[in-house]
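Below sits a lone chain in structure tokens, taken as the form predicted on its own.
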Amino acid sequence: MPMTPTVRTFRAPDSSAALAAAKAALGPEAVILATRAVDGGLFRRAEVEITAALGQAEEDLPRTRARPRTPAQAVALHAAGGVEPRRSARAGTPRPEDDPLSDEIRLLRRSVEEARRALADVTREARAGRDLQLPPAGAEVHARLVGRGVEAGLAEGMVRTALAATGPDPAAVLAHVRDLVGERLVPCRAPWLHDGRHLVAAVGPTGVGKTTTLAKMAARAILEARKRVAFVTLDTYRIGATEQLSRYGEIMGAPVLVARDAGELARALERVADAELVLIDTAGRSSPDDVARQAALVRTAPRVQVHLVVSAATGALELAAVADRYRALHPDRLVVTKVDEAAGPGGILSASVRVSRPISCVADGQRVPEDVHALTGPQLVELIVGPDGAVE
């Protein structure tokens, strides 16, 4: 007669604590069936969940019903596309994170990645010294900037300016470049920190995360500043766009209105006249004519502040092209998203120098509202150039 399995789920702040709880409850013979990260979302911290069993192999266990989600988890899941991460059937029992072999594999991967980056930096430095005829100090800093995603032309210009001002000392060149970057990246007050009634419209290409970023702003305003928030969407083109924003509004208790033209936008703004922060979502546009029409509609809102949303993950040249396309819209602020997905966040500089507008906030993940930040000037410089100290 088969043994009745004991299946239990354990949650803890980290994997070590969750694994220890499983072993304490089920003993050393416990079989780890699954591990997953549980996003905290609005009101809880992120946790690690381990499902463990005693008495039956994984393939003999019945499928368990999905656990109910809290509203905060629903926000995070919806932001991630509405799909729970699943482990492949071929993956077998996952190896605990504190397993010695797993540690060795992680260390090996880290060493390979560090070696790859070091080789790339040396190659860039040699190329800069040869092709651009930069002295060693300039080539070293130039390689660092390009390695972090800064557009090659911008990097060269700043390095030559620094060399002319400081001479061939790498530390002095890097310090001067930091000052030059700081002049081009100006922070400003985040939308959720403004006093009085404030209207923000998010514009930008498709796929940069405008809707999710507005949800993060709203959550910050509700939780931290205790503001009354409302959403208005002009995005009636994308399938499911209105439903996505409505889901966020339902969870946060914020009204969501739809406007298709200037008249409907004016009436929507009248209906949410008591809201201290009104966030206006728009559809992504690519052609200059569509961008111009969208700008004309958005600007009919009185005292609206237009935020151009760009993705750091698109690269320096693409960011430059996006900034050129939307420059005619005369945005008031710049918002940078997907910093966590960028191979080199230095590409942000390309957009900033072309639109010449302050950066209101930076987003680096899908969690609402944790993954949106109002950075200071030094923090923005560090994001582009890297940590302070000697040249890498």
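Start at 1 with the first residue shown and count on from there. No experiment lies behind these values; they were computed from the predicted model shown.
FYI, the form predicted in complex with a small molecule isn't displayed, but the following is about it.
- Heavy atoms of no residue among Thr161, Asp179 and Gln379 are located within 4.5 Å of the small molecule in the predicted bound form.
- Contact with the small molecule in the predicted bound form, judged as any non-hydrogen atom within 4.5 angstroms, is confined among 357-365, 343-351, 327-335, 28-36 to 357-365.
- Only one of the listed residues (Gln133, Ser287, Thr236, Thr206) places a non-hydrogen atom within 4.5 angstroms of the small molecule in the predicted bound form, and that residue is Thr206.
- Residue contact check for Gln244: one or more of its heavy atoms lie within 4.5 Å of the small molecule in the predicted bound form.
- The small molecule is not shown here, but in the predicted bound form it comes within 4.5 Å of a heavy atom of Lys216.
- Within 4.5 Å of any heavy atom of the small molecule in the predicted bound form lies no heavy atom of Thr314.
- Within this chain, Lys210 lines the site of the small molecule in the predicted bound form, having a heavy atom no more than 4.5 Å away.
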